[in-house]
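As structure tokens, one chain now follows by itself in the form predicted alone.
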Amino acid sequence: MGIKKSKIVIFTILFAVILSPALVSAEKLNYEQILKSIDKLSSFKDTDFSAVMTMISEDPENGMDKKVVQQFRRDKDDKFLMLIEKPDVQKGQGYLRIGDNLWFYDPESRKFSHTSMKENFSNTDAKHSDFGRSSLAEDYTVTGHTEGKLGKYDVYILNLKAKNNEVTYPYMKIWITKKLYLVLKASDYSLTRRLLRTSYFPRYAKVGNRYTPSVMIFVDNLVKGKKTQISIKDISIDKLPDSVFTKSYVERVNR
């Protein structure tokens, strides 16, 4: 019995020694720093950004809708412009963000009206806030974390709580690849922790030393069967004229 007990003790010690580096490594992970890495990897603060987005929305009540949208971003100044090119009935409608202000432009009335980053973009399941730079580290605190798998990917799973009332969702859960810190999935919750929306980012494009989703899927968890898929192409990081991010430009392209 003494020999068996000794073997058990030795095996237990060896097992603890083998596991301890992994445990220490896990404890040393700085999840706040991971949020900063996500923001840095997916934001374009040293260049401008432009792309063409095709948005296909499915709604059980209203059927299918397709939009083609031209996107322009200048992340260092928190500016973006979204111009709808199709369908023809919405052609020329635009959303211009400059800092804390977001305006919707209606080419029929030729007027700008204030709107919110928390609102849905043109009756899709995407929010206006989905099209600006990533600011997870500024806006959220990590309240819990674990590890797991999402499909074939090893991921970190982080629970987030908002630091301010300016964000679209007060609580989030995100699934991040361990290698590059790419967000593959996000669950968005209300103040009462009700699941409102699930977002998927199954494909990324490398642009310079940054990564941006080339496919985004937004699923409405309150209306069964309602979702929007966005495909992104013609990505460019060439410098844009300063005039692009002005009301006069939006008015001019509609003449």
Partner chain sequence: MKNTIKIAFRNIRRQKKRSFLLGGAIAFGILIITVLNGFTGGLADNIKDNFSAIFGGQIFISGSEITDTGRVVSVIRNEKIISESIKPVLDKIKSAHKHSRAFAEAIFGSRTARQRIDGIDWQKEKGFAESLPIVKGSLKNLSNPQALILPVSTADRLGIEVGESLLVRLSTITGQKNVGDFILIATVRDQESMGISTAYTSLNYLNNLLGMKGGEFQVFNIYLNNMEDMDSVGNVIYAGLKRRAITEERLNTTPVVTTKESGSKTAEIDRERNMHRSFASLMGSSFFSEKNIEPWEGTKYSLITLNDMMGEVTTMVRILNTIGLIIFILLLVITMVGVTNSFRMTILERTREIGTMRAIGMQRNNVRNIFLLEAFFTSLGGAIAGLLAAGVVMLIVSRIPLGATSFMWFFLKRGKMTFSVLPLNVLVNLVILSLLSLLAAWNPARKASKLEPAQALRTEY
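If you're wondering where the values come from, they're calculated on a predicted model, not measured in any experiment. Positions refer to the first chain, counted from 1.
Omitted here: the form predicted together with the partner chain. The next part is about that form.
- At least one heavy atom of Glu166 is located within 4.5 Å of the partner chain in the predicted bound form.
- At least one heavy atom of Lys111 is located within 4.5 Å of the partner chain in the predicted bound form.
- Although the partner is absent from this view, Pro202 stays clear of the partner chain in the predicted bound form, with no non-hydrogen atom inside 4.5 angstroms.
- Within this chain, Pro60 lines the site of the partner chain in the predicted bound form, having a heavy atom no more than 4.5 Å away.
- Proximity to the partner chain in the predicted bound form, taken as heavy atoms within 4.5 Å, picks out 93-101 from the listed stretches 93-101, 150-158, 71-79, 174-182.
- Among the residues Ser122, Ser129, Thr115, Ser134, the one placing a heavy atom within 4.5 Å of the partner chain in the predicted bound form is Thr115.
- Residues of 206-236 that come within 4.5 Å of the partner chain in the predicted bound form, judged by any heavy atom, are Asp220, Leu222, Val223, Lys224 in sequence order.
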